[in-house]
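Considered here are two forms of the same protein chain, supplied as structure tokens in two stand-alone entries, structure 1 and structure 2.
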Structure 1
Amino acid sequence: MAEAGSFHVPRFGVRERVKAFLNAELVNILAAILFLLLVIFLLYPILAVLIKSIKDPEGLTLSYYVKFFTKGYYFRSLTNTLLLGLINTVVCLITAFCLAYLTTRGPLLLRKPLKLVAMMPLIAPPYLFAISLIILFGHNGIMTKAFGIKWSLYGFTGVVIAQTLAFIPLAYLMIENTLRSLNPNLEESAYDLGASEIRIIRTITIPLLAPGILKAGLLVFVMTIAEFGNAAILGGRTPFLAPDTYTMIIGEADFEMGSVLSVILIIPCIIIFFLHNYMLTGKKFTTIGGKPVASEPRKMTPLVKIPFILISGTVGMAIVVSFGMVLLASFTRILGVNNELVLTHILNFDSNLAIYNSIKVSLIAAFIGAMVGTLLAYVIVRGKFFGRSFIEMISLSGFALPGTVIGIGYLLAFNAPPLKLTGGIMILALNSVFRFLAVGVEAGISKLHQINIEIEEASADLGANFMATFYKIVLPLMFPAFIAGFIYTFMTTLVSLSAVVFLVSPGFELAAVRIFDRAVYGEIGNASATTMKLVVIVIFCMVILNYITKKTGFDVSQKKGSVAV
């Protein structure tokens, strides 16, 4: 009996020690697992692109880079891409500042309508504007035939216009948020001292907006040079890096040069990122104190009001007309050529099947992304291990990198054993998960900062283990952040094109890819109808997100603005 007793005690002790170890170290274990996932599904694909660009059958080589920098076509492609990013950034910042100034300082009558119009492109895929421009200014476009316009839409100018309309809301959100947070007494004091409104804007408002403007510029620049749809549809024979990368991979199966173009596409993004951080390092822009401030709305001077309204009104009208044209084309056989009203585009079986496939992929990506984002946020905020900042930086990097690069990376990394994913639905979902993971992570971090750690400590003092505390206390409190990450990932996956266009398999078409194909082949009615159906789904998602925001008081939109930086 004594032997039997001595036999059972050690087993019990080992089990207890294992439970105690897991309870104490589960956060670190979870962090290690999540870091491994980031390495496999984010760092490894990017590394695969880099390796492919410097490797040939004989070993390591720089010959592909030599070819890139010595061939005139590639140099034009790089020049056009950088020039496109620069022009778009400047135009978007100027327009966004005018819109933001009017919606925060302008006439009360204009504030809500202008804000609504400025936000409209957020509910649509970026390539909606390429489709609308074709309807208006294509070879058989409405405006082209009505006024005998000789200007060709296809080329650099057409891409600039489409990209500008698509990315104005991103700049507007950041500038408007920063402008709203400025202490109005600073401007009021300068106004009382006799400074003109133009001088106040030049010497006070714009300098204090530097963080928002720089962040908006970075985001717009990165998104512009990486956006695939508008440049591919409207570029014509004008070379751009993102469409040229697609041609190299899909058209010519030249993975080496496609990888080189991808690496070149990453470099400006990295340079802009570090330039942004350098310009803000050591500078203070604090204008919000602990005391409440109030100011009465003052009339804008005509020298500011008239040009601001003209710029904002022109852009707002262009956005509204673009949506209207795509909506009309959805119910017209060939808008501008044969204006017969039809339902064939809306009821098209193939487009509806593509939307169903997109919804299925988006739901999988949204659930996995929200779950991983929530867990990552927890280990980053509550963990005490070395390297938390590095894990956060990696989790945010997918959002800052061009989708084209990540799409090619997945194609190279997961096209062979031991982890062969190409040809299936999971590669599409996982690609979106780690591309848009940043919003879920930042939403979770934002929410955790609102949750006092003493709640978890009290649970542990009452005898609850880590899993019980996390499941019964932390997760319910973080549920709004989980839902925000879920809906955002769902929406962005639904309309994303630049990455998935490399990964779709024959027989499994996604809505974004179908819109792109139909637009390229001139089937504008079908492309418009599919686009509008996506817009309706995105509006529904945003209504749900807005409802959750009002019910819970948790707003992820502020973190969205900072994520991509």
Structure 2
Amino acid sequence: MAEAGSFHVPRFGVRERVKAFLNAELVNILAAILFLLLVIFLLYPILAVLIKSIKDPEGLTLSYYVKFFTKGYYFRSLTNTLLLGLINTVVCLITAFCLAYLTTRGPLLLRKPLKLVAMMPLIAPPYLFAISLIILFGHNGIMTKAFGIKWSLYGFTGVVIAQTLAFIPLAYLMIENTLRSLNPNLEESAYDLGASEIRIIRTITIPLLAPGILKAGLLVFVMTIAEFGNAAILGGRTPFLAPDTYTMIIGEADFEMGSVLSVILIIPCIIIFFLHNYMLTGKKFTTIGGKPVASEPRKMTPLVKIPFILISGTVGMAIVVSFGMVLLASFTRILGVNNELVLTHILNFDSNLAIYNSIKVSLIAAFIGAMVGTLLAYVIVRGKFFGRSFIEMISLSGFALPGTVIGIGYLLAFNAPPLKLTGGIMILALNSVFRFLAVGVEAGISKLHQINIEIEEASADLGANFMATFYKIVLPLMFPAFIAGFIYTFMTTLVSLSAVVFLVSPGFELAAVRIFDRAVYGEIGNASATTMKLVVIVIFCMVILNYITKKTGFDVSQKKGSVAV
């Protein structure tokens, strides 16, 4: 017979109280754990590089920097690198735009094949193009001999060509994705108002694509100056920062100068990252919010159509021919010297362990990366703690950090107990996890913004605690974002060289590194054959992934789009 006003509070035991506390604070606990991970695996390695560059046995010093800026060699390396990045970014963006425009607005007949070709380089190591360029235009190359070309491939121009071809798909993916989300009605109404196609592209299409183009530019720039395979193979004596860093660390154990070069390499990337963030403030979701709309083939004016097709066609041809050359080289005894068709390269199974390791590492990285990315997106969107935007910024910064720098950072940071990871397999996966985190996080954030929070509340209302809600409701709904992160991390980890090249150890060799070594060494046949095997396996993996996701009813086309985010 309780009287009003004296209702008792039910008493809880310690266990219930801990449970209640966990339930209420789990988001914050999760956020704290994730933050810790970001600090350990992203900030700390970078800091380690920075510290190494200003420390000598006697204490702090700037002498290494003085050396950098007073010696012409290093300075030339810097200017070469920036110039390479700049030229490459511009060329990649222009070509990628032409390709994307044609594949989303152009004639139906061209769309599929062009798209396929534009995405091809994604599944091969970027320095595939160095290999094929040597086969074609080396001093003893097929084209060189056939046409008596006097031009020397080795040097700045060769590197630019190879890097451009290698990173067009990155730019293409992103621009195509934004272009696909752009409602064609906008352009059509401009057309209706009397604007010419060139004018529409200039005043409507490109301004609306700005966020996507900006991001593509940043990504291409960072990748170009960091992924040094092409520069190392084709550079000759032209110095670039990334391969020089590589030589210093790997060849000379000159960690101090290597760190200085890394820090220098990071500066333009960070500047562009902040510039990009600043310019995109508030615009973030316009790039990915829109639903992809298939545009009807538009009657393009010849003034646009012809140059676009010319540019796209040239690049497309170059890509196809490059793949063809590598394919040919893997079946030829010594391409260009002894053109006998043989299977010796293909049947050489020395690279099996490396390929196996590559897939293993990529799967681990993709799984952890997608998981961490999804969780990060969740705490960023749903968390209510101070510093959320800081966490967001850090987790997105990974893709602005050159792989070489991350690689060296990991080497410095995790070489000794208590965090000794070098010499193992996890370090190979972890660096990829945090470098490629941004894709999963961004896809997750945009997905979460589409999910009404009431759905989670409804689950809690029906008696689910935080974990149950997260596992049963949030994760399944965020699955497309999870898949986007998974696929992106998987593919890039499989072919990326710039970070892992510092981290491989006996027994944990990776295919990308092995191919690079062979290519540098000059064993084109072996390098080509391993590349081809890797390509086939990547395609196979993608098919399986597609099958699994399709089988379970998730729209694949959507994921492919979000891969580009």
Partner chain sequence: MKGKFIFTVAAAIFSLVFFVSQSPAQEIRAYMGLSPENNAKVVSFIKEKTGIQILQTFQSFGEIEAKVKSEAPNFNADMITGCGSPLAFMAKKNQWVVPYDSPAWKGVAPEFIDQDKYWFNISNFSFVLVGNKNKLQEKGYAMPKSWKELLDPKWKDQIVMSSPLSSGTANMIRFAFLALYGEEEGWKFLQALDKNIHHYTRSGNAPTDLVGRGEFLLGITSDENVKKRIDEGYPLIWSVPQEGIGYDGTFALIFKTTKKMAECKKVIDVMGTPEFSRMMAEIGYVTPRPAENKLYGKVTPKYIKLDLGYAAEMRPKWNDIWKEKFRTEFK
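Model, not experiment: these values are computed from the prediction. Residue 1 is the first residue of structure 1, and the numbers go on in sequence order from there. Rigid core: the largest C-alpha set superposing within 1.5 Å between the two forms.
Peer 1: Do you reckon the form predicted in complex with the partner chain is 1 or 2?
Peer 2: Answer 2, the form predicted in complex with the partner chain.
Peer 1: With both forms fit on the core, is the shift of the CA atom of residue 240 between structure 1 and structure 2 2 Å or larger?
Peer 2: Result for residue 240: no, shift under 2 Å.
Peer 1: With both forms fitted on the core, check whether the Cα of residue 536 differs by 2 Å or more between structure 1 and structure 2.
Peer 2: Comparing the forms between structure 1 and structure 2, which are aligned on their rigid core, residue 536 does shift its C-alpha by 2 Å or more.
Peer 1: Is the shift of residue 263 between structure 1 and structure 2 large enough to count as movement, that is, does its C-alpha move by 2 Å or more after the core is superposed?
Peer 2: Shift at residue 263: below 2 Å after core fit.
Peer 1: How many Å does the Cα of residue 312 travel between structure 1 and structure 2 when the structures are matched on their rigid core?
Peer 2: A shift of 2.9 Å.
Peer 1: Taking the rigid core as fixed, quantify in angstrom how much the C-alpha of residue 112 shifts between structure 1 and structure 2.
Peer 2: With the rigid core fitted, the alpha carbon of residue 112 is displaced 4.2 Å between structure 1 and structure 2.
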